[in-house]
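One chain comes next, on its own, written out as structure tokens in the form predicted on its own.
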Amino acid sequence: MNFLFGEKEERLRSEIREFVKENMPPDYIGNMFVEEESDEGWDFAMSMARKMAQKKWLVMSWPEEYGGMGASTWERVVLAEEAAYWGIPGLSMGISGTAWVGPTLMISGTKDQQDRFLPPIAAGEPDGVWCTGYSEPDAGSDLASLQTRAVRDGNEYIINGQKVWTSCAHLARWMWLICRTNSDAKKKHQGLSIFMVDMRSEGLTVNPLRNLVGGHVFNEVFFKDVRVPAENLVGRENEGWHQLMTALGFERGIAISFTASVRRKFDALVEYVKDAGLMSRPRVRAQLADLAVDIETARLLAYEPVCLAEEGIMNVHAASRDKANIDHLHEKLARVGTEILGAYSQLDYLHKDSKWTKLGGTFEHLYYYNVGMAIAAGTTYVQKNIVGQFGLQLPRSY
């Protein structure tokens, strides 16, 4: 199937590409969340966020009353593809705020919460940067087993516990936190609540968790008698699982961005192979052709739920299907890229200034980074279970 965009969408695509030429370094490929790994990268990302906010691109999908532009579904697709393909930093700006905190607040937040928290996100301000407090040392894929607790004390809640693998916690102004407010609930997914926590709160500690290439994106966060105003509760107490599922739906619905990012890296790899005279090797050609098919398949799969949504049809398992597929695609691209680059791939990311550096260390970075990305937002096994249950209508085993 050939997807053709309308004149309005193609005009937007051209405008974004012109923006890239004017504001981005030449030959910039970009790596996932690389802006969070250094002060210089973060400053650049925030400056880009403000520029995009001025164009209302940062939260293009939001209604105009919340700082967006009420963009059509396919306009949002064009922005997601182009921004991810060219690696525009700052569009996610600590992706929690723009992608799921804001949209979930529009559904479940109070008017006061919307008026307070949405404008800084839409404007690309430091106070609009969020992180997400979900996973715990003993609660990852089985998130309903979380033990961080919030106890009501007058007009406040007192929070104690620990979160782990919290992206952007060292840079965020706010945390979107889920914790237990009723330990006596009959089912473990009951008795949970969502809070918005000030990262400058007394008793809150953030410790870095370095990744395999030494980058600082993940963190562990400790809560010791952290007081949160009751007005920062999202929705009703003990009904946070509903808000969580809403937010996860937004989080997992970003397959188009990841597919475009993969396509950009693949295109750069193809150009390298041509310039290095490697295209004559049958194995290399076969590997690239195989990847090209996989990437195009992923792109079409990512379009499918958008087409269905336009017709009022919700595909509840498509996001999980695409997440599992893209995790596999990341792994495959990283493996093929490092194999083709050979020994160069082992030097690139840690020695960016070396004359031997190839493609800015993209494939070494992807190779290591995919270990964590394949777990984030639910492991492949969790995603496949969702596909089996809702897509194939298979019976639950428990």
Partner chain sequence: MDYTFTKDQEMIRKSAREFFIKECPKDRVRELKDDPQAYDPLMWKKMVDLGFLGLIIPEMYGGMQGDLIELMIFTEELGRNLVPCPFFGTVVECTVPLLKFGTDPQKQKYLTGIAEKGAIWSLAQAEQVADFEAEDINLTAEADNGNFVLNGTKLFVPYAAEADFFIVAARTNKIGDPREGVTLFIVEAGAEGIGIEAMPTTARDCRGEVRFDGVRVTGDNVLGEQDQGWTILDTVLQHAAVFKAVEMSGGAQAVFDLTVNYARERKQFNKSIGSFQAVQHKLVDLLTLVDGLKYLVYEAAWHMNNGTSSRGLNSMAKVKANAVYHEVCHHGIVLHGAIGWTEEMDIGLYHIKTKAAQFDGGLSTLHLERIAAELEAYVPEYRKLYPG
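Positions refer to the first chain, counted from 1. What you see is a predicted model; the values in this text were computed from it and never measured.
Form predicted in complex with its partner chain: not shown, discussed below.
Proximity of Ile375 to its partner chain in the predicted bound form falls outside the 4.5 Å heavy atom cutoff. In the predicted bound form, its partner chain lies within 4.5 Å of some heavy atom of Trp74.
Using a 4.5 angstroms threshold between heavy atoms, Trp86 counts as touching its partner chain in the predicted bound form. Within 4.5 Å of any heavy atom of its partner chain in the predicted bound form lies no heavy atom of Gly342. This chain is drawn without its partner chain; in the predicted bound form, the residue among Glu202, Asp112, Glu311, Asp184 with a heavy atom within 4.5 Å of it is Glu311. Just one of Leu300, Val151, Ala123, Ala230 comes within 4.5 Å of its partner chain in the predicted bound form, counting any heavy atom, and that one is Leu300.
Residues with any non-hydrogen atom within 4.5 angstroms of its partner chain in the predicted bound form fall in just one of 202 to 210, 131 to 139, 287 to 295, 233 to 241: 287 to 295.
Taking the partner from elsewhere, no residue among Lys8, Gly70 and Thr246 has a non-hydrogen atom within 4.5 angstroms of its partner chain in the predicted bound form. Contacts to its partner chain in the predicted bound form (heavy atom within 4.5 Å) from stretch 258 to 280: Arg263, Arg264, Phe266, Asp267, Ala268, Val270, Glu271, Lys274, Met279.
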